[in-house]
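Single chain ahead, written as structure tokens, the form predicted on its own.
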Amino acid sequence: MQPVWFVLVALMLTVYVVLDGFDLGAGIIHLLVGKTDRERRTVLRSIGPVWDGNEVWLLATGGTLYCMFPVLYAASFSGFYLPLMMVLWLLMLRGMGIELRGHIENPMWHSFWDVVFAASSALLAIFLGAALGNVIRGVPLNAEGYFFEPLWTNFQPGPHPGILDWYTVLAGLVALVALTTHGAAYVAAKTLETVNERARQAGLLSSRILILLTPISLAATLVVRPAMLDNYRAHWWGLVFPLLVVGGLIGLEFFWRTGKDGMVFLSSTTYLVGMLGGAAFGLFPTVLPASTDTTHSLTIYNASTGEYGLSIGLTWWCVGMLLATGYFTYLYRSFQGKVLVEDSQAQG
């Protein structure tokens, strides 16, 4: 059952990044594509009824880790306590930026919350990317399965690294550019006229930066953790993930040029699925590598709950996923189509 739950957790995390990633990206480009109050309200309207629902997938992933991999949950939440508190504050500030902006009709009030919304979205993308970088690089786990990392040490990966080093900063930068591209593709697909044109320009620029950063980040990953190639050597079908990454990048370059916004969004989604799926495939069955001693690493076997809990949990997980899938299908079907500027004017 442990491999099944590994795949399900990886799937839920990917769904979260794809769904919440585009509204994080919309926040990152918020000040770039929205120059006037009306244009900024149009950007907010494009993610209006879905942004908070998308974050449910992050909570659901955390809940699943708690139930199925409690040792991993305990180690991660104690070791990453400081950055997790930062992420929670950023999530709250981002929500406040969206919800409080329209409560007072004052240009300074609007501008303040616009900056809060954009800055917290960008920092969240960087933090989430750095978190993935920490998982791939490894953390200084002890024999009891716990660790502590300072925010930074000498910025070098090693047996006792900090949360931030050159590799995790690079991972954060890749996440920032990837989600900027993803958000620009979504905003372009949901808007018209000036906002649409600016989103396309921002997305084309970030896509080209992403094309440069992706091979650099993959090479850096192999330097920091060469063992990531072991599963690819043993199972050739895992090459589907790097092919998805390449296909996504080619699609981004081609469809931005042809102006097919929907296909651009599909391409950025393909890229994210390939990157996250490739990372999970390379790590399996390890869920948290140890930088000190590989025998201290947490795997799906020494971090999971008992067989009975894994079996019963699968039944309730299927019920919950059916309800969540039905709700999100209805939500996105009812919100399909372009967001009109005239509608955002009436929103107030």
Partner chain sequence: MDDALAINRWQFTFTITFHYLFPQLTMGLALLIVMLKSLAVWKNDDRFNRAAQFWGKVFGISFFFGVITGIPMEFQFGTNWARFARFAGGVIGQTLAMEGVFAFFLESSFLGLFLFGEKRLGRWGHWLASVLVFLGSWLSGYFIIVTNAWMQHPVGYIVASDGSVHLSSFWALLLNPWAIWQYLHNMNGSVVTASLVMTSVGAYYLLSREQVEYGQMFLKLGVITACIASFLQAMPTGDMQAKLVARHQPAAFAAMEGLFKTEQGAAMVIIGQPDVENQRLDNPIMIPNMLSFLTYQRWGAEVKGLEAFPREEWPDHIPLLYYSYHIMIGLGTIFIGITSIAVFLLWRGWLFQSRWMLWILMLSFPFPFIANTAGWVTAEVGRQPWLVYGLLRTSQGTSPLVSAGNGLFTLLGFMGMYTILAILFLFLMWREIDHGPKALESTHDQSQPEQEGGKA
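Numbering follows the first chain given and starts at 1. Predicted, not measured: the structure shown is a model, and the values here were computed from it.
Not on display, but discussed next: the form predicted in complex with its partner chain.
For the options 194, 231, 142, 111, the residue carrying a heavy atom within 4.5 angstroms of its partner chain in the predicted complex is 142.
This chain appears without its partner; in the predicted complex, the one residue of 147, 241, 167, 255 with a heavy atom within 4.5 Å of its partner chain is 147. In the predicted complex, its partner chain stays beyond 4.5 Å of every heavy atom belonging to residue 235. Residue 286 falls outside the set of residues with a heavy atom inside 4.5 Å of its partner chain in the predicted complex. Using a 4.5 Å cutoff between non-hydrogen atoms, residue 100 counts as a contact of its partner chain in the predicted complex.
In the predicted complex, at least one heavy atom of residue 95 sits within 4.5 Å of a heavy atom of its partner chain.
Contact with its partner chain in the predicted complex holds for none of 6, 282 and 290, as no heavy atom of theirs lies within 4.5 Å.
Of the stretches 242 to 250, 203 to 211, 263 to 271, 81 to 89, only 81 to 89 has residues with a heavy atom within 4.5 Å of its partner chain in the predicted complex. In the predicted complex, no residue of 257 to 295 lies within 4.5 Å of its partner chain by any heavy atom.
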